[in-house]
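In structure tokens, the next block holds one chain alone, the form predicted on its own.
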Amino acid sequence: MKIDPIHQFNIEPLFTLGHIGNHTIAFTNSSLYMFIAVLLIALLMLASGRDLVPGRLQSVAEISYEFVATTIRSTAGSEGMKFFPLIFSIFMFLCVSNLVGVIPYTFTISSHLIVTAALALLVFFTVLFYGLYKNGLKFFKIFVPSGVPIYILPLVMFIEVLSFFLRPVSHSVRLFANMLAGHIALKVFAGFVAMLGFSLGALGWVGGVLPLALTIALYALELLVAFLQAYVFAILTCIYLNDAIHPGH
């Protein structure tokens, strides 16, 4: 048997929507799972109800709402709640799509850098434009930390500017790399179990017990990572937006 851990990340066109010049515009498996994630979130939020004693769906919806709201208030203050729709949408989209992607034979949207980079650039330009709109030139105070001796201030400013423009890189690559690496590890261990069984027969299935146990453990870890990476992306978004709201150090 041949283990191919990369095949699961292939973007496959499902049907063609049209053409622009020599380029084909297609509806792909990535697009499909984006729609599935949005549909699941919509069903959760719309079908949960408003009962005084919440049911299971309503409890999940309310916990999700309060979790994101608490994260925003603790990192960006009450003024950051104006960005609640953006942060809640990003968190729920990533969390649901990551959890769906852990199901065997599905597709993980955030395992592609173009998706995570698009979300990171959305956050970056939101911070930049809102920071300039709200604070004007005072926004650039984020590059001038208070209390820094004047003789090293140019170096510190250079580091601050560089780190600011590298935010989209770290913001996107962190999510992409974690989801990619986790799914590759799962595929390799799961394929190793099957390879032992088919190549060595009964002896191979006995020898595959340890890799199978590791696969189950990795699967549980990947479920946790799917949630944590959505949370990390959301809390970093809050921290970056806090710079736009309160640019002084």
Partner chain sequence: MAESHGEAKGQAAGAHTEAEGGHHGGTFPPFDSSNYASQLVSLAIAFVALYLIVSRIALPRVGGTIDARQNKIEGDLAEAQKLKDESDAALKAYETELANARANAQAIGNETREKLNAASEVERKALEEKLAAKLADAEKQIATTRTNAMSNVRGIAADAAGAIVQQLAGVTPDANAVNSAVDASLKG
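Positions refer to the first chain, counted from 1. Keep in mind that this is a model prediction, so the values were computed, not measured.
The protein also exists as the form predicted together with its partner chain; that form is not presented, and the subsequent description refers to it.
Quiz item: Residues in which of 156 to 164, 79 to 87, 142 to 150, 128 to 136 have heavy atoms within 4.5 Å of its partner chain in the predicted bound form?
Solution: Correct option: 79 to 87.
Self-check item: Listed residue that, although its partner chain is not shown, lies within 4.5 Å of it in the predicted bound form (heavy atoms), from Ile41, Leu218, Leu196, Ala190
Solution: Going through each option in turn, the one that passes is Ile41.
Exercise. Have a look at Ala185, Met34, Leu214, Leu223 for me and say which one sits with a heavy atom within 4.5 Å of its partner chain in the predicted bound form.
Key: When its partner chain is considered in the predicted bound form, the option within 4.5 Å is Met34.
Exercise. Although its partner chain is absent from this view, report whether Ile11 comes within 4.5 Å of it in the predicted bound form, heavy atoms only.
Key: Heavy-atom contact with its partner chain at 4.5 Å: present for Ile11.
Quiz prompt | Partner proximity in the predicted bound form: Val169 to its partner chain, non-hydrogen atom cutoff 4.5 Å | solution = Val169: no contact with its partner chain in the predicted bound form.
Exercise. Report yes if any heavy atom of Val115 sits within 4.5 Å of a heavy atom of its partner chain in the predicted bound form; otherwise report no.
Key: Yes, contact at 4.5 Å.
Quiz item: Is Arg56 a contact residue for its partner chain in the predicted bound form, using a 4.5 Å heavy atom cut-off?
Solution: Contact with its partner chain, no.
Quiz item: Can you name the residues of 16 to 47 that have a heavy atom within 4.5 Å of its partner chain in the predicted bound form?
Solution: The stretch 16 to 47, when checked against its partner chain in the predicted bound form, contributes Ile20, His23, Thr24, Ile25, Ala26, Thr28, Ser30, Ser31, Met34, Phe35, Val38, Ile41, Ala42, Met45, Leu46 at the 4.5 Å heavy-atom cut-off.
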